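Only one chain comes next, encoded as structure tokens, the form predicted alone.
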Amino acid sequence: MAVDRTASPSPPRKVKWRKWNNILHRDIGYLVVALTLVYGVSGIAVNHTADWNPSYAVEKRALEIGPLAGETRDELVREARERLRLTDEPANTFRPDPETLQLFYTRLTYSIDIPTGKVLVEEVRPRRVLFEFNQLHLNAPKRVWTYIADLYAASLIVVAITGMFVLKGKTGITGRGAWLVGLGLAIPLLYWLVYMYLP
């Protein structure tokens, strides 16, 4: 049987780049869900440091131990510790003015009014969950976490870029997506221009 050698060769297969784009977007997106929640929650918290301490809660309470009679700082510290029943030496002491003595302990501060013996106790406690989230967000652990945070940032870049090409047509980057990407770009650009050039 004769073979028809004039038949055209089969066309080369097209690279299904959109398929791999969507796979990358989906899988990396799933991978960074937990860290995105950590950084998102922490980001909201640390944006408002002027209004509150996002990592620590400060509890204040008042005590009265009676007027202190000591003359030197050491005498006053010793007397205050006895009345407050503090067995440990303070990490530091300070007299911001002649009538005030402060004793500093780990996460505890005693501010004592020497003539009256009134004491303001401030106890600093980590905010559960938020403290840990903020530590990771602000890279407090350093070392290995620095590289994990860098990989996370790179993953967000990949997710952002691949996300633009998940859909096609009117809802994709050539349609509504282009307007939304442009709007998202305009917001930081406009703010930067206003911040830099307007009084």
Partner chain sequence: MRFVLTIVAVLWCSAAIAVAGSPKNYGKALTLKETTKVSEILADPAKYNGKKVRVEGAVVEVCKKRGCWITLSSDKEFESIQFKVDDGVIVFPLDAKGKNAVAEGIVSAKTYSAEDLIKQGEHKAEEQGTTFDPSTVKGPKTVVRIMGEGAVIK
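Just so we're clear, the structure is a prediction, and the values are computed from it rather than from any experiment. Here, rigid core means the biggest group of C-alpha atoms that superpose within 1.5 Å across both forms. Positions refer to the first chain, counted from 1.
A second form of this protein, the form predicted together with its partner chain, is not displayed here; the remarks below concern that form.
Counting heavy atoms only and using a 4.5 Å cut-off, do D150, S155 and M164 all touch its partner chain in the predicted complex?
Not a single residue of the candidate spot has a heavy atom within 4.5 Å of its partner chain in the predicted complex.
A62, V58, V144, I44: which sits within 4.5 Å of its partner chain in the predicted complex by any heavy atom?
-> By the 4.5 Å heavy-atom cutoff, the listed residue in contact is V58.
May I ask you to state whether E122 is within 4.5 Å of its partner chain in the predicted complex, using heavy atom distances? Yes.
Does any heavy atom of T49 come within 4.5 Å of a heavy atom of its partner chain in the predicted complex? Answer yes; at least one heavy atom of T49 falls within 4.5 Å of its partner chain in the predicted complex.
Would you check, heavy atoms only and a 4.5 Å threshold, whether E89 touches its partner chain in the predicted complex? Answer no; every heavy atom of E89 is more than 4.5 Å from its partner chain in the predicted complex.
Distance check, E75 to its partner chain in the predicted complex, heavy atom within 4.5 Å: No.
Which residues from 65 to 104 come close to its partner chain in the predicted complex, meaning a heavy atom within 4.5 Å?
-> Sequence-ordered list: R73, A91, N92, F94, R95, P96, D97, P98, Q102, F104.
C-alpha of P126 off by 2 Å or more between the shown form and the other one on rigid core: Comparing forms between the shown form and the other one, the P126 CA shifts below 2 Å.
_Please determine whether the C-alpha atom of G172 is displaced by 2 Å or more between the shown form and the other one following superposition on the rigid core._
No, G172 moves less than 2 Å.
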